[in-house]
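One chain comes next, on its own, written out as structure tokens in the form predicted alone.
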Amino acid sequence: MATSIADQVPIAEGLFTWPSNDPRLLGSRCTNCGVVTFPAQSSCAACAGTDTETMELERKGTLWTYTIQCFLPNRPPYEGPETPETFRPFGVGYVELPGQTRVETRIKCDDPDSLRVGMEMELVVEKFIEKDGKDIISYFFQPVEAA
């Protein structure tokens, strides 16, 4: 089982700072109109400007909306850790980061029925799956009370 930083890789480059003791999602801000997006973009969907700067996003926000995934997603393209035998429903939603943007995320919690719009959420960066002998690290949000 992979345990060292050398055996850990992000699920996609440029989504979050890694390795880090204080991981942050990486977004972009348009220097023309100020719109913030995640993931980072080289142009602005709001004004079509092409001058953007990468920025670290806030770690906490509020649950803006969500749904509960009640069935195992199709493989491919999904490559999650669940099997038909181990699958448990999980939350998927948008977390609004104050003054920045909304981030689509899988929600990490023991009881998805406890989720509520407006809950305070916090970023978690951790192992999602193991693939080819490497821990694939991804981002999630979880209720602050579960942290």
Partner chain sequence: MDVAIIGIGIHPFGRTDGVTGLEQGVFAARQALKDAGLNWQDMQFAYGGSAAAEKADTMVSKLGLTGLQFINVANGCATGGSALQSAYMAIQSGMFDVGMAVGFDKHPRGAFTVDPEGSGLGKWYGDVGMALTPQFFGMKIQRYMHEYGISEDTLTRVAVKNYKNGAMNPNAWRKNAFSYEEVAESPMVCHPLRKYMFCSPAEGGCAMILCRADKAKQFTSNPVFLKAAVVRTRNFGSFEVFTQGQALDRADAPTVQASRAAFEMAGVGPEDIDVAQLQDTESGAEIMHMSENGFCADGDQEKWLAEGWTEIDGKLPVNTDGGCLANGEPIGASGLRQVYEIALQLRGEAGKRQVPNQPKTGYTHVYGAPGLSGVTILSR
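Residue numbers count along the first chain shown, from 1. Since this is a predicted model, take the numbers as computed values, not measurements.
From this point on, the text means the form predicted together with the partner chain, which you will not see here.
Using a 4.5 angstroms threshold between heavy atoms, residue 128 counts as touching the partner chain in the predicted complex. Using a 4.5 angstroms threshold between heavy atoms, residue 9 stays clear of the partner chain in the predicted complex. Heavy atoms of residue 49 never reach within 4.5 Å of the partner chain in the predicted complex, leaving it off the interface. Residue 35 belongs to the set of residues with a heavy atom inside 4.5 Å of the partner chain in the predicted complex.
With contact defined as any non-hydrogen atom lying within 4.5 angstroms of the partner chain in the predicted complex, the contacting residues in 49-85 are 64, 65, 66, 67, 68, 69, 70, 71, 73, 77, 78, 79, 80, given in sequence order.
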